[in-house]
Each structure stands twice: as structure tokens, then as C-alpha cells.
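Next comes just one chain, in C-alpha cells: the form predicted alone.
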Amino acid sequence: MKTLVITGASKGIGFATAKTFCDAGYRVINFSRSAAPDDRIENHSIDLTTEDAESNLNEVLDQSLESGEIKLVHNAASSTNDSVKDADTQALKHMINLNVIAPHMLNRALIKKMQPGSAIIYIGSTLSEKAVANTYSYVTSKHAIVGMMRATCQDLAGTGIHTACICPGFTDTEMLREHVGHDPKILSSIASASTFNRLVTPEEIADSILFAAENPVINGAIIHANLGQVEV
């Protein structure tokens, strides 16, 4: 059976992705602090930012997963409002641990188990290739994800394992709504920046992730899944 290993699948894009892969016949293994609310998903409660996270990941994966066709989706991430003038150093380290170091740890644990046909999909952001004010730590981490994806592509040449980075636009998730304080006016303004005048749905991103995971022709590619942005 084909297997998906995903982080942060308890809600939002991660949960939509886990369900989409389940529907496509995959065994789905999720690593997150809280469980995904679907009985088809195998949940493992691990805080990916702790010092023992890597050993915990290795223990679970060594016991539960054999070599085969594995799709790895690096979805777990956090965001915050900060700037280069006031970003707290420890908060930046925490974000880098989750958004960048956790994918590295999972790569180390799983690449040795991946057979040809496997894939590593990174979840970036519109802010993986540009920046806006007051998102200093998040922008920094999401730019790093693009570099990690490109390096992964080069280092895995000849293995039959491919990689891509999906960069969602503004997606209707709990993270976004919390980020804007659940303000409907701000959400409407954000939606108007899309050529479809709406937010992306988590299910649309999930479909894009599945497509990328199953099509090695896009190896090393960045896919902007944002409904087209209005340029001003």
C-alpha cells in the first residue's frame, strides 16, 4: 500500500490533505500535537519542536513503517506578527524548529525507507518568494523551505524520489482567521486580492498536493496555488 506521512494534519490544509490521500487509497500517518478527526488516519502525538522530537519520530517510524512508496508532506507550521525591529530571538528559534528543522528531521528518518515513486512535498506560502511587513519570522522560514526543496531535488537525483513546493495563497483556514482576529472586513479585503475574489479552500490545496506527489515531472518545481493574484 502507498503511504502518506504528513505533519500537522489535525486541521486546515493538513486535515484536508490527509482526507484526500485516504480517499485516494493511501495509508495516512499523521504527526501533530492533536489528533486528526478521522478514524482512517493514524495519529501520533509529537511536539516537533522539542529536543527529543527526532528520537521519537525515529522510534515510531522504525516500528510502524517499512520501505516502500512513501509520500512525505511537510505541512506543520506556525506564523506570527513580528518585524526585524522587534522579533524575539527565542520565538524565531521556535518557528524555525517547526517550519524548517522538523522537515529536516523527517527527511532524515524517511528517505532511507523511500523507494522509487516516493515524493517529498514541502508546503510553502505566497511569502516563500516575497515579503510583506510584520511577518519577519514567517517569511524567513518559508523562504528557507524553498531552498530546502531545491536542495532536496539535487541531492536525490537518480533515486526516483521527486520533490516540489506548493505555495498556497490566502486559504480559508483557522490559522488565517486567527491571524486577522476573525475580522470579516479583513478577510473580505484579502479575498479581493485574488482574481476569483475569494479565498482558496483547503480542499483545493489538498488536490494540488496529491497531484504534485503523484507526478514526478514537476520535480524541483514551485507551484503557486493561489487562484491568481491581482497585481497592483
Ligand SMILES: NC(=O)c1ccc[n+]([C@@H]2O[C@H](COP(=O)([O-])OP(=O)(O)OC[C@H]3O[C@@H](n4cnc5c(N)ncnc54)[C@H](OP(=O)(O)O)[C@@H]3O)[C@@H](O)[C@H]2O)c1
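Residue positions are given as counts along the sequence shown, with the first one as 1. Just so we're clear, the structure is a prediction, and the values are computed from it rather than from any experiment.
Absent from the display: the form predicted together with this ligand. The rest refers to it.
Considering this ligand in the model of the complex, the lone stretch of 107-115, 83-91, 147-155, 121-129 in range is 121-129 [heavy atom distance within 4.5 Å]. The closest non-hydrogen atom of A9 lies within 4.5 Å of this ligand in the model of the complex.
Within 4.5 Å of any heavy atom of this ligand in the model of the complex lies no heavy atom of S189. Using a 4.5 Å cutoff between non-hydrogen atoms, L48 counts as a contact of this ligand in the model of the complex. Using a 4.5 angstroms threshold between heavy atoms, L176 counts as touching this ligand in the model of the complex.
By the 4.5 Å heavy atom rule, the three marked residues S34, N75 and G169 all count as contacting this ligand in the model of the complex. Contact residues in stretch 138-166 (any heavy atom within 4.5 Å of this ligand, taken in the model of the complex) are Y138, K142.
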